[in-house]
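Single chain ahead, written as structure tokens, the form predicted on its own.
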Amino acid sequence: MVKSVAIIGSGNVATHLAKAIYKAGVEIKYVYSPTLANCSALANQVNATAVDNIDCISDVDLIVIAIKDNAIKGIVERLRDKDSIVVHTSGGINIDVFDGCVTKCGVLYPLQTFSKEREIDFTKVPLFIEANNSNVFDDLEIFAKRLSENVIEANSQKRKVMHVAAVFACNFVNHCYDISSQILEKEGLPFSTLLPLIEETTKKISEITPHEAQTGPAQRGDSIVMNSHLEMIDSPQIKEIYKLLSKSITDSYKK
């Protein structure tokens, strides 16, 4: 059973996860970052000890690696032969990143977009878990259910698929919001005027499928409107995005 935790990282994911663990009543002994000032800020919020030397981490049941994907392997190698369960929080990194270094390992992947300055209800965040053996899985599942009401077993392949889908549903969509904001800004129009539209679109896809919810000129195959839009767009890059997305939508609705 997980009674004590060390957090490696102090960014967005590490911050929200640490707060959720602390709120769940699990002791966080250490928060590690190579920059002491960064981990100190988080450690103070969860009553933990801030450390900038990874060797200081000892006598904890679980070590959570919540850092950039390209840095995970290096940290895993520095945790070689630790007796703790060690997990990472990435959707895109395979569990075999632990091979040859850690004997009790797994993944705790929270499917959400995190920003330090925004509070979220972590109990509603889907948590995808994986472990290298049944004993570790049982401990990780019990721990995860203390943090979230939605805990799902998913192997590395399923997690990668979920991560790709999440990039389309969140990162790409948000970039489109950014583009629309730039278009409006040129005419002195506020992005906030689009918020009711965005809210209604989000509500619709909780009741019907995204395919059923699609509207607009590309869905109708209205080339006159689409061409007029293209004439108004100055940026060649944004033109190409408009054309590519429009073609994808139109092709999806061809009879």
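In case it trips you up, residue 1 is the first one in the sequence shown, and so on. As the structure is a computational prediction, the values presented were derived from the model and not from experiment.
Same protein, other form: the form predicted in complex with another copy of the chain, not shown, and the subject of what follows.
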{"property": "The unique member of I95, C101, I142, L184 whose heavy atoms fall within 4.5 Å of another copy of the chain in the model of the complex", "result": "L184"}
{"property": "4.5 angstroms heavy atom contact with another copy of the chain in the model of the complex for I233", "result": "yes"}
{"property": "Interface membership of F137, another copy of the chain in the model of the complex, 4.5 Å heavy atom rule", "result": "no"}
{"property": "4.5 Å heavy atom contact, T202 and another copy of the chain in the model of the complex", "result": "yes"}
{"property": "Partner contact for A24 in the model of the complex: another copy of the chain, 4.5 angstroms, heavy atom", "result": "no"}
{"property": "Residues N38, D55 and K82 all lining another copy of the chain in the model of the complex, heavy atom within 4.5 Å", "result": "no"}
{"property": "Stretch in contact in the model of the complex with another copy of the chain, which is absent here, among 221-229, 42-50, 25-33, 58-66 (heavy atoms within 4.5 Å)", "result": "221-229"}
{"property": "Stretch 200-222 - residues with a heavy atom within 4.5 Å of another copy of the chain in the model of the complex", "result": "E200, T201, T202, K203, K204, I205, S206, E207, I208, P210, H211, A213, Q214, T215, G216, P217, R220, D222"}
